[in-house]
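Only one chain is given next, in structure tokens, and it is the form predicted alone.
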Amino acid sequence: MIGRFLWVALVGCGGAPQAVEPGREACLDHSPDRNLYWGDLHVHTSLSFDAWIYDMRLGPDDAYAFAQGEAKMLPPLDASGSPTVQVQLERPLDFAAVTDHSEYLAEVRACTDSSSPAYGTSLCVDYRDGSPASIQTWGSAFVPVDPQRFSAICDLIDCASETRDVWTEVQDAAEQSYDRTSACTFTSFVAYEWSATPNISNLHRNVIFRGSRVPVQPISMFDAPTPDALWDALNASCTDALNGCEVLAIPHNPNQSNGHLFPAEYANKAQAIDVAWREPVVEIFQHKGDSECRTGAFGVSDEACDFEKLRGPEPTEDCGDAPGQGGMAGLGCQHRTDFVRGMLLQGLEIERELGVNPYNKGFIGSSDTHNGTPGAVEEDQFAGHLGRVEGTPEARLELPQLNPGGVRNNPGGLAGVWAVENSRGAIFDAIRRKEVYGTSGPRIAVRMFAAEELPDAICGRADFVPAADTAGVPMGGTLQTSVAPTFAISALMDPGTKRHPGRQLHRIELVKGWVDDSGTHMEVVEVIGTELGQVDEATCEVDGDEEAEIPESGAAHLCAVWTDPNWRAGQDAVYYARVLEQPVCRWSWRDCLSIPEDLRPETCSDPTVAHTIQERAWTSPIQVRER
């Protein structure tokens, strides 16, 4: 434990010098003020059972090539079995991690390799057919509290050995894609997803390794069915066993966890410290929905919370204090910690009891693509994330049934990372200190700082970052103060591309949560804003388009300084910024417009499916404590 606190002391400053990794050159882009890098840390390829079964054939090497701008082909397949839809990023990513499910790596390989002894089993035959019954059979193995592998396959092959072979391929793809030259153009991470789903409630984590020193095989839910068991196994196989092996995990989709992802009880202070260390950030957004907030929760009427909710607008039972079940299937109650606002407040409550906040977490966005297409999150270019299930506009517009795709899904988000350079160590360290944020897709550049006092007119200063660094702490940090905290938030619009320009900004809001002797509280404050823009739903043209002839609204840059007028001594508080763009057409309405009106599916006229949305960014929170 002492080593962990020493690490924080040594790298807590984002501008601290980085040791050059063995086998690579020093990065030319190194900056003590930190550069902004864009990436996707949640990506599935054909190695995942729930990707291959939907005709997706891109592997990890393809995914990393796509992230760097190479064109790839997706389902649906033609009569010869070839994919028919070309996809390509207009703007490559800076970093990515392939996170295939550690579960079934061996079984998928056995069922798709004609030389395998298990190839002819009924399980494998049904899997290759991709029938709904087969999908249900493979998915149901995730539900028991004590999950078991398919003996019909693993009795015929050595599943542990086969898993290690596939894991070696995963590592090789990451190593071959990592730019070790001084250009530092692309960073890849060795990673996987641990996918325990007891009672259909989500406990999933993406496991990310800092470097190339990794265990001989990934940990699956079959090896470790609980989060604590996962970390015991990671400590035994990585942290305590391999010199130079560092790892963190990223929980995702609390919106499907029925209150299980962030428990309210901790046995002791040391356990809470461990959780805060090993899981520094959480996915606030991905293609299976928004996990920020529910309007009305904690007495806050926040219309911006009605954004990309996977379950739609229908009322859902509140879990109260007891967690529920069924969330991965859209069933059961919803718990306050199914959204990060509830998690943040619960962390403050635990801190009052134990003196440690296990949920002092930062935010990132990801795609969770099952098409091997990291970063394919543009609203106006969405080609689906689930193989043939989302391979055509008509398929994407279906309501989700047994197949999890459908109109309630979205293209997913991105992680923005403020790091001193584009290298594994620098990005990993930025995630550790939580100087990261999530977006719903656009590349809005956001910085946030808190201090007791900030320099005058800091928004107009050329040395905005050095001045703010000197005065206070950046997003992800903790401010110790004896006076009301002051925040500086700066946001630059996503410039987009020539073919697909970005949207101007609408407003910046500061979200505050706090706990005091009277209980838990939440409020949302607009710190700076502009007039709301317009969208022509018949054409999806927006204000500012030459064809639309509507005056442009919004701002290319918003910056504001705000001091909390309601801060009181003894108040434990947490703050994060939310930046909203001007509205655009949602991907689903664009798909509807591409279909003749008399042939459009019913979802095109469903009033609960939005035609327009406001894309956004969420900064990692800053914790504020009395000094």
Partner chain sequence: MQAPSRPWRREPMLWCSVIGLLFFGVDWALSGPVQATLSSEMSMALDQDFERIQGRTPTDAERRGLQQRWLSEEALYREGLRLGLDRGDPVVRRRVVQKMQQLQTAQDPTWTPDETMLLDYLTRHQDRYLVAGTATFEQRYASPDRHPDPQAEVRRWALLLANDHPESPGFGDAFALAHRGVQSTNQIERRYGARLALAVSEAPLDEWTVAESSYGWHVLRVTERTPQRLPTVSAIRDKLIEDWRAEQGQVAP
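Note that the structure is a prediction, hence the values are computed from the model and not measured. Positions refer to the first chain, counted from 1.
Below: the form predicted together with its partner chain, not depicted.
Contact of Ser553 with its partner chain in the predicted bound form (heavy atom, 4.5 Å): Looking in the predicted bound form, residue contacts with its partner chain do not include Ser553, since no heavy atom lies within 4.5 Å.
Distance check, Pro92 to its partner chain in the predicted bound form, heavy atom within 4.5 Å: Output for Pro92 is yes: heavy atoms within 4.5 Å of its partner chain.
In the predicted bound form, Ala445 touching its partner chain (heavy atom, 4.5 Å): Contact check for Ala445: yes, within 4.5 Å of its partner chain in the predicted bound form.
4.5 Å heavy atom contact, Gln571 to its partner chain in the predicted bound form: The answer is no: Gln571 has no heavy atom within 4.5 Å of its partner chain.
Answer option from Ile135, Ile528, Ala229, Ala297, heavy atom within 4.5 Å of its partner chain in the predicted bound form: The option sitting close enough to the partner is Ile528.
Heavy atom within 4.5 Å of its partner chain in the predicted bound form - the one residue of Asp306, Glu453, Asp165, Asp78 that qualifies: Residue within 4.5 Å of the partner: Asp165.
Candidate stretches 278-286, 113-121, 329-337, 356-364, one within 4.5 Å of its partner chain in the predicted bound form by heavy atom: Heavy-atom contact with the partner occurs in 113-121.
Heavy atom within 4.5 Å of its partner chain in the predicted bound form - qualifying residues of 162-195: Residues within 4.5 Å: Glu162, Asp165, Gln176, Thr181, Ser182, Ala183, Thr185.
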